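First comes one chain, alone, set out as structure tokens in the form predicted on its own.
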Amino acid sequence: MGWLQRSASDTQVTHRDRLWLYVVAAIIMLLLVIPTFIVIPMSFSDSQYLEFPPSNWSVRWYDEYFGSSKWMRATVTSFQIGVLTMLVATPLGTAAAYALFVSGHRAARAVFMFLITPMIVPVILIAIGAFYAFGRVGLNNTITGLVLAHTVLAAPLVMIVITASLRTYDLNQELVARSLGASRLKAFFAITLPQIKFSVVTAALLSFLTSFDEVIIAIFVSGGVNATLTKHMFAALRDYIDPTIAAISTIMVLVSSVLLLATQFIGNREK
């Protein structure tokens, strides 16, 4: 147990002093992970109902998922919306974060807080507002409407990630490039963007996952052939018990985990 006496940081705080923090963190992580450990075995059950632990093991619900045109169409729609949201939210959020960071204006902080309010207000309010606004212009049940609504949720995340990255970046490097004749736009793409590209990739990933996992706005705005995977999952859980959703949840966890691990791998290679 000698590690308890070691310093946990550059200060004199030891691991023993932080033991309570480690215990709290372990409990929180356990509570977050337990639902996943329950859902994954349930997806391999042979029962017609959600059963844990499974009495018989089978991959029938994975066959049901991959063999269903309804589920496949919803999956393609979710991926399509996620990618489009990523392509819209990432440049918008990056541009907004950069503009506010370099402006130096006193109102920049207030504008930043205003732009990230979609993260603060309940998503149900955004969903209701989007439903009525899109209803007037015919964007309900469309890919465009979903991408716009999901961009509202994803762009603030991009802004926070990019702003945090810019705070560790020496802006004088860009100023030197501009003093040598480069325009602000050229200096940004040639000097600043290459140094914050890992944060941009991370922000893009978060944008995709925000859209891919979102369900509340999808319930209000999506429908018909443009219904998302999460909306179909919610309907399956609400209207009838379909164990297929356990298999889909497992696949979604796998996709999210692979993307996160890939981002970390890219980040480690950049160091």
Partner chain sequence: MTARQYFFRGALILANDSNQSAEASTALPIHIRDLTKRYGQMYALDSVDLEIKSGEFLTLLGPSGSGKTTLLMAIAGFNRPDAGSICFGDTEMILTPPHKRDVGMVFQSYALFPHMSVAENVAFPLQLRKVGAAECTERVAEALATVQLSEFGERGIDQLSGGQRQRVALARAFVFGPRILLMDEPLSALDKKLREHMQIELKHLHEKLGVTTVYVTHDQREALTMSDRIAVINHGRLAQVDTPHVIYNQPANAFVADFIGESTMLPLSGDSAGRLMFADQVVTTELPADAVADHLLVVRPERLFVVRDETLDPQKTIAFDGTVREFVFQGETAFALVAVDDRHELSVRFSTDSASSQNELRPGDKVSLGLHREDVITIPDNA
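As the structure is a computational prediction, the values presented were derived from the model and not from experiment. Residue numbers count along the first chain shown, from 1.
Quick note: we don't show the form predicted together with the partner chain, though the next part is all about it.
> If contact means any heavy atom within 4.5 Å, which of 192-200, 133-141, 81-89, 120-128 contacts the partner chain in the predicted complex?
Replying inline: After filtering at 4.5 Å, what remains is 192-200.
>> Quick check on this chain: which one of 102, 72, 176, 116 has a heavy atom within 4.5 Å of the partner chain in the predicted complex?
In response: Flagged contact: 176.
>> Can you work out whether residue 164 and the partner chain are in contact in the predicted complex, taking contact to mean some heavy atom pair no more than 4.5 Å apart?
In response: So residue 164 does not count as contacting the partner chain.
> Is residue 180 a contact residue for the partner chain in the predicted complex, using a 4.5 Å heavy atom cut-off?
Replying inline: Residue 180 belongs to the contact set for the partner chain.
>> Since only the chain is shown here, I'm wondering whether residue 186 would be in contact with the partner chain in the predicted complex (any heavy atom pair within 4.5 Å).
In response: So residue 186 counts as contacting the partner chain.
>> Residue by residue through 62-86, which ones have a non-hydrogen atom no more than 4.5 angstroms from the partner chain in the predicted complex?
In response: Nothing in this stretch is in contact.
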